[in-house]
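Form predicted on its own, single chain, as structure tokens, below.
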């Protein structure tokens, strides 16, 4: 059972990781002068949009999303509306946090909000796909020993890696190196994306390595 779940997770993570690669390569074929640095906002939204679509599709096809208690149209619309609201609030939350950590308040506001959108896509969207718009479940998963499935553990790892990657990406910005990737918020978005990819790889490896110690399926 463990091996089946871990292989399924590894396959899903490989598909999501390949999406980021494709979102970087394919636009270069159709858009003139496209590059990660030169047209960074285009690249950012290509990655965010692709990850959002593939994440949602993969988790829906795997049946990872929590089952709905009702099948009525009004309930599904309400659930979708709450998910969209939570995603928007997540964008505003990340935007506020980034500004509090020193990002320009008014200057480059679009770039700062775009970073918040990317972070929300890499973190909050996965929470919505795996746990649904259930804040109590989110609090449980991110509390100590709160994971109750391998997907909860993967959520902890990918979320942590994405946030830490964005944070580490901010360190080179004030350095006087005059590199194109030091323009706000390129290094942070690259850090968040690299952290997310690291989490996608690390999650199934860590779970496989510690599978004998993991007993949360008995909770």
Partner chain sequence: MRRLPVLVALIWVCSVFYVGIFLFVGGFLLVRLEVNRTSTCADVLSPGAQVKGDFCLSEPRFRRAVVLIIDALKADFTRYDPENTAPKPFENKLPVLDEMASSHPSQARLYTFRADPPTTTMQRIKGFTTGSLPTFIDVGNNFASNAILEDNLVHQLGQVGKRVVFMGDDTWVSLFPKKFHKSLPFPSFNVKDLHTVDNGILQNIYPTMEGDDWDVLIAHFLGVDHCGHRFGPDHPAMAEKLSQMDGVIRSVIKRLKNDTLLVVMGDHGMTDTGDHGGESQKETDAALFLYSSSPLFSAPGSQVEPEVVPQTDLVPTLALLLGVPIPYSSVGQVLLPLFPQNGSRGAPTGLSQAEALWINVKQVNRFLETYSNMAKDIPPDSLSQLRADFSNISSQYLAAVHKGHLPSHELVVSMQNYLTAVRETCRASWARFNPFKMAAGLLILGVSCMLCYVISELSHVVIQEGLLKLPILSGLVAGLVVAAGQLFTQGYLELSWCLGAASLSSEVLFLWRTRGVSPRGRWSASGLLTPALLVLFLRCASLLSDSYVIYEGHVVTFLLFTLSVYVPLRLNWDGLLVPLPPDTQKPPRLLPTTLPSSVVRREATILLVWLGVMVGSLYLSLSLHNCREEQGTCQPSPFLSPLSRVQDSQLRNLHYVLSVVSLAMWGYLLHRWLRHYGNLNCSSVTVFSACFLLPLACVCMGLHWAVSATPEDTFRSLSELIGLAQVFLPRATFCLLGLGLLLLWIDPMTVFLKSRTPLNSRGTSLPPPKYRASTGISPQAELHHLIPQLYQRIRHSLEDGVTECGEADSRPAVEAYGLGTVYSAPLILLCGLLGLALLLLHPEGMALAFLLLLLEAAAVLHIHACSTTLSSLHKHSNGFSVPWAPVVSWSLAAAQFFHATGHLPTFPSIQWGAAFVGFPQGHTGTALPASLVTLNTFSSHIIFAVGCPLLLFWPLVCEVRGTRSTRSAGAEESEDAVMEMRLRENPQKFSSGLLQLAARYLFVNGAQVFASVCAAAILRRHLMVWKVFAPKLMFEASGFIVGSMFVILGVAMVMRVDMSVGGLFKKLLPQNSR
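Residue numbers count along the first chain shown, from 1. The model shown is predicted, which means the values in this text are computed figures rather than measured ones.
The form predicted together with the partner chain is left out here; the points below concern that form.
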Looking at 91-99, 75-83, 125-133, 112-120, which one sits within 4.5 Å of the partner chain in the predicted complex if you count heavy atoms only? 91-99
Pick from 37, 45, 60, 171: which residue has any heavy atom within 4.5 angstroms of the partner chain in the predicted complex? 171
From the list 156, 194, 187, 55, which entry has a heavy atom within 4.5 Å of the partner chain in the predicted complex? 156
The partner chain contact in the predicted complex: residue 71, any heavy atom under 4.5 Å: no
Even though the partner chain is not shown here, does residue 167 get within 4.5 Å of it in the predicted complex, heavy atoms only? yes
Does any part of residue 175 reach within 4.5 Å of the partner chain in the predicted complex? Heavy atoms only, please. yes
Can you name the residues of 104-126 that have a non-hydrogen atom within 4.5 angstroms of the partner chain in the predicted complex? 105
